[in-house]
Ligand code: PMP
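For reference, the chain that follows is the form predicted alone, supplied as structure tokens.
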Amino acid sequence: MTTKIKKNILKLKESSTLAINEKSKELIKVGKKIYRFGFGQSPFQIPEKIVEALRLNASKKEYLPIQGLPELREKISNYLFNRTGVKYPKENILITPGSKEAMLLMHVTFNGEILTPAPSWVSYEPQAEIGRNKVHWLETSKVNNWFPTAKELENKLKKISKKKNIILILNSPNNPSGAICENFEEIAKIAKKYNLIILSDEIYTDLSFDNKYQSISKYYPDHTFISGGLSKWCGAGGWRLGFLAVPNGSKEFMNSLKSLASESYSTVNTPTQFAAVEAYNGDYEDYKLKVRAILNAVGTFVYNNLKSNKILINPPQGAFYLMPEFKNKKFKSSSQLCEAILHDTGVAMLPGSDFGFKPNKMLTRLSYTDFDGVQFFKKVTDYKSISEEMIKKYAPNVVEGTAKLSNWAKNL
């Protein structure tokens, strides 16, 4: 029997980040030594008070409102205001099963075109395809820290024939580069000039190594949507709890989002929403300071041991990613490069082509989270002093994988 599939869905492939995770697990099962630098997942334990809140609410089984638990939406509203200075009232917040679903609902609801910088997270373009919105790529450079300048953004907009109804997606700290956007204000001026909508993906913003929460909403609040959730700063990826904050004046859009939610997942699971109240209301700054310090130390170790005349790389600024560029004359594509590295060294990474770059650019995404975050976290008593010896002891796979990658690159 042949079941017909819509053309825009046929174009989709399995998310490469999830695929590399499963491939790595399969190789490990058959006895291969794999350094899991391909999948971006927090290695740290969820704070115990948040876990306890889930336990205490595990018996709650009633359906919650489509838009989400009012108390949770109020806490997220306060959370955003304290960090951005912009008020997104609880009526403007939708609780979703992960921020990924929040963005998908936005793509499906929105009728227009999408502008996304390269590099960008692997799911932005496929989600736009699902929503039948045309995607425009704006390639950035290492020199400008992998974010567009105001001039580059304006030049790109001038080339787009329909300049109405455009969403610009920004993600800082960035997946896949680990870089922080340092020119939000000038981007906001161009966005205002062309009446752009901004989707600010702030899933990693609490993991900025400078300990500052920077959001473009500060400069462009009237047209900035914010997505976020518990998966990265809180280590609760599998809990699937995210949100979308909608700017004032978007009531019709919010109503459409709620209708989509009601006809798809109905509501986010009840116990997790109650536990998330604790996550967004409690004081977890010490937890975040230690998490950021460990990630910064490990990322800096990888950066210092990879940078060479064969590997070009910027230092880490946030999240848990680096984006090495390999000097190469052997391979035709970044996919071939990653396949060769996996075969020769056991280091699993993702090619730059998965993040919007042309295939012949020898860029890869490296996630430096292949370590026991629970043990590392316990052993750090002074987050201001994490030695190389501690990294070697508690992140041995990262150390070994980095050495193998560095040695392999010397033969390019």
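Heads up: residue numbers just count along the shown sequence, starting at 1. Nothing here was measured: the structure is a model prediction, and the numbers come from that model.
There is another form of this protein, the form predicted in complex with the named molecule, and it is not shown here; the text below is about that form.
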Exercise for the section: Please pick, from 317, 92, 99, 217, the one residue with any non-hydrogen atom lying within 4.5 angstroms of the named molecule in the predicted bound form. Expected result: 99
Fill in the blank from the handout: If we test each of 147, 204, 225, 280 for a heavy atom within 4.5 Å of the named molecule in the predicted bound form, the one that passes is 204
Exercise for the section: Could you tell me which of 138-146, 336-344, 111-119, 167-175 sits within 4.5 Å of the named molecule in the predicted bound form, going by non-hydrogen atoms? Expected result: 167-175
Exercise for the section: Check, residue by residue, if 233, 301 and 379 all come within 4.5 Å of the named molecule in the predicted bound form, counting heavy atoms only. Expected result: no
Practice task
Give a yes/no on whether residue 209 approaches the named molecule to within 4.5 Å in the predicted bound form, heavy atoms considered.
Solution key: no
Exercise for the section: Using the partner position in the predicted bound form, report whether residue 321 sits within 4.5 Å of the named molecule, counting heavy atoms only. Expected result: yes
Handout entry: Close approach of residue 184 to the named molecule in the predicted bound form, 4.5 Å, heavy atom
Key = no
Exercise for the section: Classify residue 124 as contacting or not contacting the named molecule in the predicted bound form by the rule of any non-hydrogen atom within 4.5 angstroms, answering yes or no. Expected result: yes
